[in-house]
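So this first bit is one chain, no partners, the form predicted on its own, shown in C-alpha coordinates.
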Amino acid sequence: MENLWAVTAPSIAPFPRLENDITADVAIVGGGYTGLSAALHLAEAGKSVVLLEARTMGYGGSGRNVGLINAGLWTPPDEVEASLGKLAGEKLNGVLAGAPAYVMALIEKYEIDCELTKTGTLHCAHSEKGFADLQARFAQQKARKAPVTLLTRDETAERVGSTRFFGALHDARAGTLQPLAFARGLGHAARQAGAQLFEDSEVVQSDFDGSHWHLRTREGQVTAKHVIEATNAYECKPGTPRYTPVYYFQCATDPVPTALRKDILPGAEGCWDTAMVMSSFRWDKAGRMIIGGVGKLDGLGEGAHLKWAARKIAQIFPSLAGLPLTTGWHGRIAMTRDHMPKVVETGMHKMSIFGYSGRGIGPGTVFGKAASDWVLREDSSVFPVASMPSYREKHSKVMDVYYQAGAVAAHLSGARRS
(Lines give C-alpha, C1' and ligand atoms only; values in the text may rest on other atoms or scores of the structure.)
Protein backbone atom coordinates (compact mmCIF):
# COMPACT_ATOMS: atom_id res chain seq x y z
CA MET A 1 0.00 0.00 0.00
CA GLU A 2 1.16 3.53 -0.81
CA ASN A 3 1.40 6.76 1.16
CA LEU A 4 -1.55 8.75 -0.17
CA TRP A 5 0.25 12.04 0.45
CA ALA A 6 3.13 10.97 -1.81
CA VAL A 7 0.61 10.05 -4.52
CA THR A 8 -1.37 13.31 -4.40
CA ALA A 9 1.20 15.98 -3.49
CA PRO A 10 2.14 18.26 -6.38
CA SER A 11 5.61 17.42 -7.65
CA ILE A 12 8.42 19.95 -7.60
CA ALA A 13 11.84 19.97 -9.26
CA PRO A 14 14.04 17.38 -7.54
CA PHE A 15 16.83 18.39 -5.19
CA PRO A 16 20.36 17.16 -5.93
CA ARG A 17 22.65 14.96 -3.84
CA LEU A 18 25.57 16.73 -2.15
CA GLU A 19 28.66 15.72 -4.14
CA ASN A 20 31.20 18.41 -3.25
CA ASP A 21 32.45 20.57 -0.37
CA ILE A 22 30.48 23.70 0.56
CA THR A 23 30.98 26.45 3.11
CA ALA A 24 27.89 28.20 4.48
CA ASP A 25 26.76 30.28 7.42
CA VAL A 26 24.33 27.60 8.58
CA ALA A 27 23.98 23.86 8.05
CA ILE A 28 20.61 22.23 8.69
CA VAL A 29 20.12 18.50 9.11
CA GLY A 30 16.62 17.29 8.26
CA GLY A 31 14.14 18.22 5.54
CA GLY A 32 10.94 18.34 7.57
CA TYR A 33 8.89 21.33 8.70
CA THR A 34 11.46 22.57 11.23
CA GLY A 35 14.45 22.35 8.92
CA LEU A 36 12.64 23.71 5.88
CA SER A 37 11.10 26.59 7.84
CA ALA A 38 14.53 27.49 9.26
CA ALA A 39 16.13 27.32 5.81
CA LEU A 40 13.46 29.56 4.31
CA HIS A 41 13.68 32.22 7.00
CA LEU A 42 17.48 32.23 7.13
CA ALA A 43 17.81 32.50 3.36
CA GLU A 44 15.36 35.38 3.28
CA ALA A 45 17.46 37.10 5.97
CA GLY A 46 20.51 36.88 3.72
CA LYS A 47 22.32 33.94 5.34
CA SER A 48 23.94 31.24 3.24
CA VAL A 49 22.19 27.98 4.13
CA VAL A 50 22.74 24.34 3.28
CA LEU A 51 20.11 21.75 4.22
CA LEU A 52 20.97 18.04 4.18
CA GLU A 53 18.18 15.45 4.03
CA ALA A 54 18.98 11.74 4.20
CA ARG A 55 16.00 10.72 2.05
CA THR A 56 13.65 13.19 0.34
CA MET A 57 12.08 16.44 1.56
CA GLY A 58 9.21 15.62 3.90
CA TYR A 59 10.05 11.91 3.92
CA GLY A 60 9.62 11.56 7.71
CA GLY A 61 6.74 12.68 9.89
CA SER A 62 6.24 15.84 7.86
CA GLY A 63 5.03 13.76 4.92
CA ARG A 64 3.21 11.08 6.91
CA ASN A 65 1.04 12.86 9.49
CA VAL A 66 -2.72 13.40 9.63
CA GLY A 67 -2.61 16.94 8.29
CA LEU A 68 -4.27 18.72 11.22
CA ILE A 69 -3.00 22.26 11.79
CA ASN A 70 -3.69 22.34 15.51
CA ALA A 71 -3.29 25.24 17.93
CA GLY A 72 -1.21 24.42 20.99
CA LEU A 73 -0.05 21.01 22.16
CA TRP A 74 -1.86 17.78 22.96
CA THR A 75 -1.26 18.69 26.63
CA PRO A 76 -3.86 21.19 27.94
CA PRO A 77 -2.53 24.73 28.56
CA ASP A 78 -2.92 24.60 32.35
CA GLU A 79 -0.76 21.47 32.44
CA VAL A 80 1.82 23.11 30.18
CA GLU A 81 2.14 25.97 32.65
CA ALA A 82 2.24 23.61 35.63
CA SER A 83 5.03 21.63 33.97
CA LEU A 84 7.17 24.52 32.70
CA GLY A 85 6.28 27.23 35.19
CA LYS A 86 3.84 30.10 34.72
CA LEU A 87 5.98 32.43 32.60
CA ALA A 88 7.61 29.75 30.44
CA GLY A 89 4.30 27.94 30.01
CA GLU A 90 2.51 31.12 29.01
CA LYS A 91 5.22 31.81 26.45
CA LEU A 92 4.91 28.37 24.84
CA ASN A 93 1.10 28.41 24.95
CA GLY A 94 1.01 31.84 23.38
CA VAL A 95 3.39 31.04 20.55
CA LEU A 96 1.67 27.77 19.67
CA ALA A 97 -1.82 29.27 19.90
CA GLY A 98 -0.79 31.42 16.95
CA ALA A 99 0.92 28.60 15.05
CA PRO A 100 -2.01 27.76 12.71
CA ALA A 101 -2.33 31.39 11.63
CA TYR A 102 1.42 31.49 10.98
CA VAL A 103 1.30 28.31 8.89
CA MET A 104 -1.67 29.58 6.90
CA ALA A 105 0.05 32.92 6.29
CA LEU A 106 3.12 31.15 4.88
CA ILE A 107 0.92 29.02 2.62
CA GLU A 108 -0.77 32.11 1.26
CA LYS A 109 2.45 34.15 0.94
CA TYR A 110 4.25 31.47 -1.06
CA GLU A 111 1.13 30.19 -2.84
CA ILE A 112 1.72 26.63 -1.65
CA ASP A 113 -0.74 24.20 -3.21
CA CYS A 114 -1.50 21.95 -0.23
CA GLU A 115 -5.30 21.59 0.05
CA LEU A 116 -5.55 24.13 2.88
CA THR A 117 -8.84 24.35 4.76
CA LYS A 118 -9.61 26.89 7.49
CA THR A 119 -12.77 25.40 8.97
CA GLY A 120 -11.18 24.25 12.23
CA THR A 121 -10.87 20.88 13.91
CA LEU A 122 -13.20 18.75 16.02
CA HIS A 123 -11.90 16.94 19.10
CA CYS A 124 -14.60 14.29 19.54
CA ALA A 125 -15.57 12.68 22.85
CA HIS A 126 -15.65 8.89 22.56
CA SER A 127 -17.29 8.53 26.02
CA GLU A 128 -18.82 10.54 28.86
CA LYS A 129 -15.40 10.65 30.48
CA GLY A 130 -14.00 11.98 27.23
CA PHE A 131 -16.63 14.72 27.17
CA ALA A 132 -15.69 15.71 30.73
CA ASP A 133 -12.12 16.09 29.52
CA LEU A 134 -13.31 18.31 26.68
CA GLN A 135 -15.26 20.46 29.15
CA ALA A 136 -12.08 21.04 31.12
CA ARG A 137 -10.12 21.86 27.97
CA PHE A 138 -12.89 24.22 26.85
CA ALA A 139 -12.76 26.13 30.15
CA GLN A 140 -8.98 26.48 29.94
CA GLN A 141 -9.08 27.71 26.36
CA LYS A 142 -11.94 30.17 26.99
CA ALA A 143 -9.96 31.61 29.91
CA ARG A 144 -7.31 32.42 27.29
CA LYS A 145 -9.93 33.90 24.95
CA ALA A 146 -9.45 31.18 22.35
CA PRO A 147 -12.17 30.86 19.66
CA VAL A 148 -13.37 27.42 20.76
CA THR A 149 -16.91 26.04 20.99
CA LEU A 150 -18.12 23.09 23.04
CA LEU A 151 -20.70 21.15 21.04
CA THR A 152 -23.48 19.04 22.52
CA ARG A 153 -24.05 15.46 21.43
CA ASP A 154 -26.74 16.52 18.97
CA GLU A 155 -24.65 19.38 17.61
CA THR A 156 -21.72 17.02 17.17
CA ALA A 157 -23.88 14.49 15.34
CA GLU A 158 -24.92 17.18 12.87
CA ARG A 159 -21.35 18.50 12.46
CA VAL A 160 -19.71 15.08 12.10
CA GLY A 161 -22.51 13.11 10.48
CA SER A 162 -22.35 10.42 13.15
CA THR A 163 -24.13 9.65 16.42
CA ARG A 164 -21.11 7.83 17.90
CA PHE A 165 -19.79 10.78 19.90
CA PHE A 166 -20.84 12.37 23.19
CA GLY A 167 -19.84 15.89 22.15
CA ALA A 168 -16.93 17.72 20.58
CA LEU A 169 -14.67 20.74 20.97
CA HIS A 170 -14.38 22.88 17.86
CA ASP A 171 -11.27 25.05 17.48
CA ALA A 172 -11.77 27.75 14.87
CA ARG A 173 -8.04 28.59 14.77
CA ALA A 174 -7.18 25.21 13.29
CA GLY A 175 -7.51 23.61 9.87
CA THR A 176 -6.18 20.87 7.63
CA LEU A 177 -3.70 20.53 4.80
CA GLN A 178 -1.94 17.98 2.63
CA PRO A 179 1.15 17.57 4.82
CA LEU A 180 3.71 16.44 2.25
CA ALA A 181 2.57 19.13 -0.17
CA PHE A 182 3.16 21.74 2.54
CA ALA A 183 6.67 20.40 3.20
CA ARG A 184 7.50 20.42 -0.50
CA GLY A 185 6.13 23.93 -0.80
CA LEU A 186 8.38 25.14 2.01
CA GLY A 187 11.32 23.47 0.28
CA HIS A 188 10.51 25.15 -3.02
CA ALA A 189 10.19 28.55 -1.30
CA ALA A 190 13.49 28.04 0.55
CA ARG A 191 15.24 27.17 -2.71
CA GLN A 192 13.76 30.23 -4.40
CA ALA A 193 15.08 32.36 -1.52
CA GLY A 194 18.61 31.07 -2.10
CA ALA A 195 18.99 28.13 0.29
CA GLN A 196 20.85 25.09 -1.03
CA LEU A 197 18.88 21.91 -0.35
CA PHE A 198 20.20 18.40 -0.88
CA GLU A 199 18.42 15.04 -0.79
CA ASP A 200 19.90 11.56 -0.42
CA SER A 201 22.63 13.26 1.62
CA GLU A 202 22.79 11.59 5.01
CA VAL A 203 25.25 13.08 7.50
CA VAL A 204 27.64 10.27 8.43
CA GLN A 205 30.14 12.25 10.50
CA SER A 206 30.16 15.55 12.38
CA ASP A 207 33.30 17.29 13.69
CA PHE A 208 33.98 20.64 15.35
CA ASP A 209 37.36 22.37 14.89
CA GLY A 210 36.85 25.02 17.58
CA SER A 211 35.09 27.54 15.35
CA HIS A 212 33.22 25.64 12.62
CA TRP A 213 31.35 22.38 12.14
CA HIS A 214 32.21 19.95 9.38
CA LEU A 215 29.29 17.72 8.37
CA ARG A 216 30.30 14.88 6.07
CA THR A 217 28.03 12.95 3.78
CA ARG A 218 29.15 9.99 1.67
CA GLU A 219 30.18 12.26 -1.19
CA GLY A 220 30.60 15.77 0.19
CA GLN A 221 31.04 18.04 3.18
CA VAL A 222 29.44 21.18 4.59
CA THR A 223 31.44 23.59 6.75
CA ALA A 224 29.36 26.02 8.80
CA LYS A 225 29.51 27.99 12.03
CA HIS A 226 25.94 27.12 13.08
CA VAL A 227 24.17 23.77 12.88
CA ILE A 228 20.47 23.11 13.33
CA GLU A 229 19.56 19.46 13.87
CA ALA A 230 15.93 19.00 12.83
CA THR A 231 15.45 15.26 12.44
CA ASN A 232 12.80 14.92 15.22
CA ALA A 233 11.65 11.26 15.35
CA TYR A 234 14.00 10.23 12.53
CA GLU A 235 17.21 10.74 14.44
CA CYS A 236 19.77 8.05 13.60
CA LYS A 237 22.38 8.64 16.31
CA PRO A 238 23.54 5.76 18.52
CA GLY A 239 23.33 6.02 22.28
CA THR A 240 20.60 6.76 24.78
CA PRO A 241 17.38 7.89 23.05
CA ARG A 242 16.01 11.37 23.69
CA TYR A 243 12.39 10.40 23.08
CA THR A 244 10.09 7.42 22.71
CA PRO A 245 9.29 6.63 19.07
CA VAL A 246 5.54 6.16 18.65
CA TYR A 247 4.10 5.01 15.34
CA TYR A 248 0.91 6.32 13.81
CA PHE A 249 -0.69 4.84 10.70
CA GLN A 250 -3.36 5.97 8.28
CA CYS A 251 -5.47 4.36 5.58
CA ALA A 252 -7.64 5.93 2.93
CA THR A 253 -10.47 4.92 0.64
CA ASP A 254 -10.75 5.92 -2.97
CA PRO A 255 -12.77 9.11 -3.53
CA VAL A 256 -16.26 8.61 -2.12
CA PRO A 257 -19.26 9.54 -4.30
CA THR A 258 -20.80 12.88 -3.38
CA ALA A 259 -24.16 11.27 -2.54
CA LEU A 260 -22.50 9.15 0.16
CA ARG A 261 -20.46 11.91 1.76
CA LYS A 262 -22.74 14.95 1.60
CA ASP A 263 -23.85 14.63 5.25
CA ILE A 264 -20.46 13.50 6.63
CA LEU A 265 -18.21 16.29 7.86
CA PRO A 266 -19.86 18.86 5.58
CA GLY A 267 -17.54 21.52 7.02
CA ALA A 268 -14.44 19.45 6.15
CA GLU A 269 -13.06 19.67 9.68
CA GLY A 270 -10.24 17.36 10.69
CA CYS A 271 -11.18 15.14 13.63
CA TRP A 272 -9.60 13.07 16.36
CA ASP A 273 -11.07 11.46 19.46
CA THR A 274 -10.44 11.36 23.20
CA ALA A 275 -9.69 7.63 23.46
CA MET A 276 -6.43 6.59 25.12
CA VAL A 277 -5.46 4.83 21.88
CA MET A 278 -6.73 7.70 19.78
CA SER A 279 -7.94 7.67 16.22
CA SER A 280 -8.39 10.39 13.62
CA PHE A 281 -10.58 10.83 10.56
CA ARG A 282 -11.06 13.43 7.85
CA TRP A 283 -11.74 13.99 4.16
CA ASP A 284 -9.05 14.97 1.71
CA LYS A 285 -9.75 17.37 -1.17
CA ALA A 286 -10.80 14.57 -3.53
CA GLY A 287 -13.28 13.11 -1.05
CA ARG A 288 -11.25 10.19 0.28
CA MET A 289 -12.03 9.15 3.83
CA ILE A 290 -8.79 8.95 5.82
CA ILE A 291 -8.76 7.00 9.09
CA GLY A 292 -5.77 6.79 11.41
CA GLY A 293 -4.64 5.28 14.68
CA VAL A 294 -1.62 4.39 16.79
CA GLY A 295 0.47 1.57 15.30
CA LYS A 296 2.50 0.72 12.23
CA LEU A 297 1.55 -1.12 9.09
CA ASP A 298 4.22 -3.77 9.14
CA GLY A 299 5.01 -6.82 11.21
CA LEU A 300 2.55 -8.81 13.25
CA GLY A 301 0.21 -5.89 13.95
CA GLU A 302 -0.51 -4.91 10.35
CA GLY A 303 -3.52 -7.15 9.88
CA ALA A 304 -5.10 -6.06 13.17
CA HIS A 305 -4.66 -2.39 12.32
CA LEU A 306 -6.11 -2.70 8.82
CA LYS A 307 -9.14 -4.65 10.02
CA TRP A 308 -9.65 -2.13 12.81
CA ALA A 309 -9.52 0.77 10.35
CA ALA A 310 -12.22 -0.77 8.14
CA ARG A 311 -14.42 -1.52 11.14
CA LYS A 312 -13.85 1.94 12.63
CA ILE A 313 -15.10 3.64 9.48
CA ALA A 314 -18.18 1.40 9.51
CA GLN A 315 -18.83 2.15 13.20
CA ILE A 316 -18.61 5.91 12.79
CA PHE A 317 -20.15 6.15 9.33
CA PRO A 318 -22.34 3.12 8.53
CA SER A 319 -23.05 4.45 5.04
CA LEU A 320 -19.35 3.99 4.20
CA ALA A 321 -19.15 0.40 5.45
CA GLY A 322 -17.47 -1.95 3.02
CA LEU A 323 -15.48 0.66 1.12
CA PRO A 324 -12.02 -0.78 0.48
CA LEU A 325 -8.94 0.90 1.92
CA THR A 326 -6.63 1.41 -1.05
CA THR A 327 -3.70 3.27 0.49
CA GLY A 328 -1.98 2.88 3.85
CA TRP A 329 1.15 4.28 5.49
CA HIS A 330 2.72 5.05 8.85
CA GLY A 331 5.26 7.39 10.37
CA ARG A 332 7.10 8.05 13.62
CA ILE A 333 6.29 10.53 16.38
CA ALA A 334 8.96 11.72 18.85
CA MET A 335 7.13 11.44 22.18
CA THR A 336 8.85 12.97 25.21
CA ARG A 337 8.04 12.11 28.82
CA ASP A 338 6.22 15.38 29.45
CA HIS A 339 4.92 15.71 25.85
CA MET A 340 6.83 19.01 25.51
CA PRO A 341 9.10 19.93 22.59
CA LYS A 342 12.80 20.17 23.39
CA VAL A 343 15.63 22.43 22.29
CA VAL A 344 18.97 20.88 23.25
CA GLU A 345 22.45 22.33 22.90
CA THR A 346 24.46 19.54 21.29
CA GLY A 347 27.63 21.58 20.87
CA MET A 348 28.96 25.10 20.34
CA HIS A 349 26.55 26.92 17.98
CA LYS A 350 24.62 23.67 17.52
CA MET A 351 21.00 23.04 18.49
CA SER A 352 18.79 19.97 18.21
CA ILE A 353 15.00 20.44 18.10
CA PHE A 354 12.61 17.52 18.62
CA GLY A 355 9.73 16.11 20.63
CA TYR A 356 6.56 17.55 19.11
CA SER A 357 4.71 14.51 20.46
CA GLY A 358 2.24 14.29 17.59
CA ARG A 359 1.80 18.03 16.93
CA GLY A 360 4.33 18.70 14.20
CA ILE A 361 2.81 21.08 11.66
CA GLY A 362 2.34 24.24 13.71
CA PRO A 363 5.10 23.72 16.29
CA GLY A 364 7.60 22.49 13.70
CA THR A 365 7.06 25.52 11.51
CA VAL A 366 7.32 28.09 14.31
CA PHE A 367 10.28 26.34 15.95
CA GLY A 368 11.99 26.51 12.56
CA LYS A 369 11.42 30.27 12.52
CA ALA A 370 12.78 30.44 16.09
CA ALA A 371 15.88 28.50 15.00
CA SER A 372 16.43 31.12 12.31
CA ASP A 373 16.13 33.86 14.93
CA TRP A 374 18.62 31.99 17.16
CA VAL A 375 21.22 32.15 14.40
CA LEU A 376 20.50 35.76 13.51
CA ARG A 377 20.52 37.05 17.10
CA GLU A 378 22.93 34.58 18.71
CA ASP A 379 20.34 34.26 21.47
CA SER A 380 18.66 30.99 22.47
CA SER A 381 15.93 32.80 24.42
CA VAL A 382 14.08 33.27 21.13
CA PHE A 383 12.92 29.65 21.30
CA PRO A 384 9.40 29.06 22.70
CA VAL A 385 10.99 26.75 25.31
CA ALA A 386 14.26 27.17 27.15
CA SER A 387 17.24 25.41 25.61
CA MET A 388 19.05 22.86 27.75
CA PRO A 389 22.55 21.38 27.65
CA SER A 390 21.31 17.77 27.42
CA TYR A 391 18.19 15.65 27.50
CA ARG A 392 17.72 11.90 27.70
CA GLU A 393 14.62 9.72 27.98
CA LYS A 394 14.44 6.82 30.40
CA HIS A 395 13.16 3.38 29.37
CA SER A 396 12.42 4.57 25.84
CA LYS A 397 12.66 1.09 24.29
CA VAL A 398 10.35 -0.35 26.92
CA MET A 399 7.80 2.39 26.24
CA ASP A 400 8.09 1.85 22.49
CA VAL A 401 7.09 -1.81 22.95
CA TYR A 402 4.36 -0.75 25.39
CA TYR A 403 2.78 1.69 22.92
CA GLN A 404 2.89 -0.73 20.00
CA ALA A 405 1.59 -3.73 21.96
CA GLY A 406 -1.14 -1.59 23.48
CA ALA A 407 -2.25 -0.34 20.07
CA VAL A 408 -2.40 -3.87 18.63
CA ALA A 409 -4.33 -5.13 21.67
CA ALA A 410 -6.78 -2.24 21.52
CA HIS A 411 -7.40 -2.72 17.81
CA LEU A 412 -7.84 -6.47 18.17
CA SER A 413 -10.28 -5.90 21.02
CA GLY A 414 -12.12 -3.25 19.03
CA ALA A 415 -12.39 -5.63 16.11
CA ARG A 416 -13.92 -8.32 18.27
CA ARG A 417 -16.51 -5.94 19.73
CA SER A 418 -17.61 -4.47 16.42
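In case it trips you up, residue 1 is the first one in the sequence shown, and so on. Note that the structure is predicted; figures quoted are calculated from it, not measured.
The protein also exists as the form predicted together with a small molecule; that form is not presented, and the subsequent description refers to it.
Within 4.5 Å of the small molecule in the predicted complex, a heavy atom is found for all three of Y33, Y234 and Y356. Contact annotation for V382: none of its heavy atoms lies within 4.5 Å of the small molecule in the predicted complex. Contact check for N65: a non-hydrogen atom falls within 4.5 Å of the small molecule in the predicted complex. In the predicted complex, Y248 approaches the small molecule with a heavy atom inside 4.5 Å. Taking the partner from elsewhere, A54 is found to have a heavy atom lying within 4.5 Å of the small molecule in the predicted complex.
Of the candidate stretches 198-206, 162-170, 338-346, 220-228, only 198-206 contains residues with a heavy atom within 4.5 Å of the small molecule in the predicted complex. Contact with the small molecule in the predicted complex, judged by any heavy atom within 4.5 Å, is made by just one of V29, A43, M351, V375: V29. For the options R191, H214, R332, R288, the one in contact with the small molecule in the predicted complex, meaning a heavy atom within 4.5 Å, is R332.
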